[in-house]
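What follows is one chain in structure tokens, specifically the form predicted on its own.
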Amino acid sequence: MTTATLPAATKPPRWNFPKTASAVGAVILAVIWLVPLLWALDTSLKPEPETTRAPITWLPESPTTDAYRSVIDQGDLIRWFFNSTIVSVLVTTLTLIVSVLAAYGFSRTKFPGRKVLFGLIIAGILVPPQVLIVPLFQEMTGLGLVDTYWGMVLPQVVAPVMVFVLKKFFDGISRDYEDAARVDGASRWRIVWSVMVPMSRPILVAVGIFTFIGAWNNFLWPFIVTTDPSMMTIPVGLANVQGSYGLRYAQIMASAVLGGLPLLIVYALFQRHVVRGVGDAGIKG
């Protein structure tokens, strides 16, 4: 005769306060980040008289895209998007090349003054970009690069913080991989591009995206170095359009939405790589 065994009583799940607090904090931060975006989108779809009406309402009574049509009609938006894309892609590509080579040199080679030079690069992180505006503009004027793509690109290529991040990541990669490559007859140049770069793909993607976003959003330097409307980037062009029609909230918000939409698309496509790259940099750095 067999006796039935009663199932063991299951303990109720214990409340994890740190995990719950983290989740609540993340939701609060997400709401704080999303509310301005939703408000910009909401305002851009309102008629101009409704944007200044009191009390303030979230949903427009009569949604319209007149603000977007006005912004597009009053500016060469396609040309500005093209300019921003060219400048951002060139800045990102050159910054990655320069930063990878510099970071590898500081991480893997020994030469006199290496620590002093790396210290100067770290100190460069503390220098505000605005301090260099006048000498950079004089340099671009002397080289005849005002109102050119290269005039906008070259001053943005040097990124000390990216060199520091990549150097720390390279320090965490075992030298055994390089030794194995040298045994197979690989040169130092081949080691960089065939060993170090593939192993650093997540952090390179993260660095590339942050650099692209910074170049796309850069207003001050393109504003100073360009006077030809056909060479303006999105932030500069939209700022000029806003100045031409005065303080109209719907059109200002429409400009902000149009200028930020490509960045949202880029981040949505590469979000996983950004998170992984930042996480790997934090672990190995």
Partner chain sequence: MAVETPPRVTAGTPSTTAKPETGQPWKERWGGLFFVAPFLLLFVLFMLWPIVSGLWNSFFNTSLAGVKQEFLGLQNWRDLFGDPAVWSSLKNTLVFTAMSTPPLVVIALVMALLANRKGLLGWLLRFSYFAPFVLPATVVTLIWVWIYQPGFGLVNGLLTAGGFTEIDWLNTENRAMLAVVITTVWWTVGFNFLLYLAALQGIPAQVYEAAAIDGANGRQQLFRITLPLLSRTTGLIVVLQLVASLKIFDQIYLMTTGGPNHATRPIIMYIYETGFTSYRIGYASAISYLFFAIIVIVAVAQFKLFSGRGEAE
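Note that the coordinates shown come from a computational prediction; the quantities given were computed from them, not determined experimentally. Numbering follows the first chain given and starts at 1.
The same protein has a further form, the form predicted in complex with the partner chain, not shown here; the description that follows concerns it.
Here is the short version: of S62, T52, S230, T65, the single residue with a heavy atom within 4.5 Å of the partner chain in the predicted complex is T52. The putative spot formed by P36, R108 and L220 is fully lined by the partner chain in the predicted complex; each residue has a non-hydrogen atom within 4.5 angstroms of it. In the predicted complex, at least one heavy atom of F210 sits within 4.5 Å of the partner chain. Within this chain, Y104 lines the site of the partner chain in the predicted complex, having a heavy atom no more than 4.5 Å away. The closest heavy atom approach of P47 to the partner chain in the predicted complex falls outside 4.5 Å.
Within this chain, R114 lines the site of the partner chain in the predicted complex, having a heavy atom no more than 4.5 Å away.
Interface residues of 138-154, taken as those with a heavy atom within 4.5 Å of the partner chain in the predicted complex (partner not displayed): Q138, E139, M140, L143, L154, in sequence order.
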